[in-house]
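Let's start with one chain on its own, the form predicted on its own, as structure tokens.
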């Protein structure tokens, strides 16, 4: 039973890896950006757990900035993906402009939250 589970997990990993290798480069770059934003948020949470959260607004602003940016990047990835039929009429330049504008608004709110 354990061997079949291990074999299934290896087959799943291999199929995911082969499917992801066919992903266009621009989507891989966006995926890397999302991973970086989430990793940065996790580092901030670990730091807060170890050192403390004296300026709590700063901690919240940093984590919400990372998480918000990751969410906006996922939305950008959905809009730029050629296989997504819902956004086939949307130009990639327009999707990127929306991403930049939403990031600007997000970070203005976060700077305002800092005080």
Partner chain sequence: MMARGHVRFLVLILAVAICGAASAVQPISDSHRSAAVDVFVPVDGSDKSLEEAYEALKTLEILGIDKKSDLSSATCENVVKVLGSSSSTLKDAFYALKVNGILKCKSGGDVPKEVVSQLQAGVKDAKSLLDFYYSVGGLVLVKEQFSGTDPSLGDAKAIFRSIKSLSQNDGRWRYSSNKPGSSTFAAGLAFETLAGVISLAPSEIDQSLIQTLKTGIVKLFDSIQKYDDGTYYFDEKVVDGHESQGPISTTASVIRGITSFAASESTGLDLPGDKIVGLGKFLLGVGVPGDAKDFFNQIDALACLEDNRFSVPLILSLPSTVISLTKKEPLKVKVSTVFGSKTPALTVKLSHALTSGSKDSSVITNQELKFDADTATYFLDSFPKNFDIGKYTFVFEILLDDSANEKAYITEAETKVPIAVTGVISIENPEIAVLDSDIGSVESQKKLDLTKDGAVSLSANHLQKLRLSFQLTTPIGRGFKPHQAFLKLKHESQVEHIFLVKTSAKKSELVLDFLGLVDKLYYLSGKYEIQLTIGDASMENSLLRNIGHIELDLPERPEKAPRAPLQSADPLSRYGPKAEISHIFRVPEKLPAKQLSLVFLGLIVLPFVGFLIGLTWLGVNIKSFPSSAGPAISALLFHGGIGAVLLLYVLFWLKLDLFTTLKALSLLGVFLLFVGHRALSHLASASNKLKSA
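Numbering follows the first chain given and starts at 1. Fair warning: this is a prediction, and the values are worked out from it, not measured in the lab.
The form predicted together with the partner chain exists for this protein as well; it is not shown, and the discussion that follows is about that form.
Not displayed here, the partner chain is approached by residue 33 to within 4.5 Å at the level of heavy atoms in the predicted bound form.
The partner chain in the predicted bound form is approached by residue 97, whose closest heavy atom lies within 4.5 angstroms of it.
Although the partner is absent from this view, residue 78 stays clear of the partner chain in the predicted bound form, with no non-hydrogen atom inside 4.5 angstroms. For the chain shown alone, residue 46 is a contact residue for the partner chain in the predicted bound form, at least one non-hydrogen atom being within 4.5 angstroms.
Contact with the partner chain in the predicted bound form holds for all three of 39, 104 and 108, each having a heavy atom within 4.5 Å.
Residues of 46-82 lying near the partner chain in the predicted bound form, listed in sequence order, are 46, 47, 50, 51, 54, the criterion being any heavy atom within 4.5 Å.
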